[in-house]
Ligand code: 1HE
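Next up is one chain by itself, shown in structure tokens, the form predicted on its own.
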Amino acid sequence: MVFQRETCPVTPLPVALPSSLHCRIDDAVAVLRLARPQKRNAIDDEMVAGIGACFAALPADVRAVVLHGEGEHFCAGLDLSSVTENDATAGVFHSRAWHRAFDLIENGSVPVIAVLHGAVIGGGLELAAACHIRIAEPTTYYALPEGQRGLFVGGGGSVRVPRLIGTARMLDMMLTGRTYGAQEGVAAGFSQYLVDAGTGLHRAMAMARHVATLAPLSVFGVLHALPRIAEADPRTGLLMESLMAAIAAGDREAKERLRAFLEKRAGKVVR
């Protein structure tokens, strides 16, 4: 899939990140790389804080983010060596730190596209589930090993993962240790796309550049109104839909885009 693109200058990221994270900005797209391949990109406290800092400090002219992992794996989850001595109090605060960071992904201002390959397990799956679009390569596999280790998910997985695959599948994974491969992962709902090996980042960048050209208010509706409508009772959801539709259609940029379409001046999506 190849999209027409628009270019625009973007302000550099104004915060310093730990060495386990690298961020570059390509036009209106920020590319965040998990850079701890020697640990299969397992997430420690410094890394989760850096993820939160990155998304909190995205320049206003960034319109989409691509998230991917260095090496053979996307993310093998929580670095267990960083929490072995935590008591219950420390465990609660540790979990809440993950919640804050991942909330900035799911409920931030821009769509986030995750490129998945190799291990997407435990906290890595929780991180992927906080993103809006997931593209998987053939080596991808999904697991929630917490149940086999006497643990419970703590990075938002109990909320986000059932939305993708259903509670019954998640329950099975945690009780039995079941894993899903890339092909069955698409059918189950872990990812929306399965692409050839080594092509995930290219596909994600093409999508992100397209998303970066969309009207901001329309993107806001998709990211923030749509999930709430889906969770609301039908009557409330339909009212919210009407309000969001009216607000979006009344926006000045939407009116200009509609005029361009009707006058055949609008760019086309090339597939």
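Model, not experiment: these values are computed from the prediction. Counting begins at 1, following the sequence as shown.
Beyond what is shown, the protein has a form predicted in complex with this ligand; the following relates to that form.
- In summary, the region of this chain contacting this ligand in the predicted bound form, judged by heavy atoms within 4.5 Å and restricted to 130-138, 146-154, 175-183, 162-170, corresponds to 146-154.
- Residue Ala42 is the only one of Val29, Ala42, Val211, Ile51 with a heavy atom lying within 4.5 Å of this ligand in the predicted bound form.
- Under a 4.5 angstroms non-hydrogen atom cutoff, this ligand in the predicted bound form lacks Phe190 among its neighbouring residues.
- For Ser81, a non-hydrogen atom is located within 4.5 Å of this ligand in the predicted bound form, even though that partner is not displayed.
- When this ligand is considered in the predicted bound form, Val112 lies well away from it, no heavy atom lying within 4.5 Å.
- When this ligand is considered in the predicted bound form, Ala101 lies well away from it, no heavy atom lying within 4.5 Å.
- Residues of 47-79 lying near this ligand in the predicted bound form, listed in sequence order, are His73, Ala76, Gly77, Leu78, Asp79, the criterion being any heavy atom within 4.5 Å.
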